[in-house]
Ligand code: HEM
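First comes one chain, alone, set out as structure tokens in the form predicted on its own.
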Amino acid sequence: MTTKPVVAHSEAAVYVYEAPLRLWHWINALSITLLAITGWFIASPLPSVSGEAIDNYVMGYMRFVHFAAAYIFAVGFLFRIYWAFAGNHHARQIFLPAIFDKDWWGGVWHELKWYAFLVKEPRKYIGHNPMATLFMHLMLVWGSVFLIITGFALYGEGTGMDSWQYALFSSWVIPLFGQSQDVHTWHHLGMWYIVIFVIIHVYVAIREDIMSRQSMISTMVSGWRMFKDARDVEDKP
């Protein structure tokens, strides 16, 4: 893909992320948080609660929040796929990484060295840098696909064999993995895969905000990326 150099003057701002993408980002972050917390307790239920069992519905509420957040997560992911094509070219980056571009892989290697403190300066990108694009494609995109498929497969067991969840997911996912408990185990491991992604993602965003002298976190609030140094910036579609 062709690199389009953009000169970013001191404190220059470039509009990068459109409002629908930013809204999805924060709703998705909330959904993942709720799913991780409730999923943990579903896998490791509370040992006991005070009072009569008939007066308590703690795990029932836990499951309700988990299922509601899961639907929001899944519908949001479908919308995000749509917006990858309806939005600007920055919205497509994590779904269509430029894996056949030699220069792009050079950018991945440079950013890897930058994150490892082996080079003194990062390259400036208006959108995601190549390393971030690859990281989010492998962990966020495919991790989300895996969790949605295995999650609906488990949910379909409860809704019954006549449900669309069972027909679309449970009927083939559970036999593929062997049995229901195996799907539970892999779904739980998938949660940790996303949790690891979130930890690294937040760390790198804060690190880049400070060390690369360009806005990261505020960009996902306002949509505008601020460049604090005057230098050429790469804008890859």
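One-based numbering along the sequence shown. Keep in mind it's a predicted model, so treat the numbers as computed, not measured.
In what follows, reference is made to the form predicted together with ligand HEM, a form of this protein that is not presented.
Asks: If you check in the predicted bound form, is Leu21 within 4.5 Å of ligand HEM, heavy atoms only?
Replies: Result yes; Leu21 sits at the interface with ligand HEM in the predicted bound form.
Asks: Using a 4.5 Å heavy atom cut-off, state whether Ala167 contacts ligand HEM in the predicted bound form.
Replies: Output for Ala167 is no: heavy atoms all beyond 4.5 Å of ligand HEM.
Asks: How about Phe152: is it within 4.5 Å of ligand HEM in the predicted bound form, going by heavy atoms?
Replies: Close contact exists here: in the predicted bound form, Phe152 approaches ligand HEM to within 4.5 Å, heavy atoms only.
Asks: Does at least one non-hydrogen atom of Tyr61 fall within 4.5 angstroms of ligand HEM in the predicted bound form?
Replies: No, no contact at 4.5 Å.
Asks: Identify which of Met211, Val202, Val49, Ile196 has a heavy atom within 4.5 Å of ligand HEM in the predicted bound form; exactly one of them does.
Replies: So the residue touching ligand HEM in the predicted bound form, by this definition, is Val202.
Asks: Taking ligand HEM in the predicted bound form, which residues of 180 to 201 have any heavy atom within 4.5 Å of it?
Replies: Result: His184, His187, His188, Met191, Phe197, Val198, His201.
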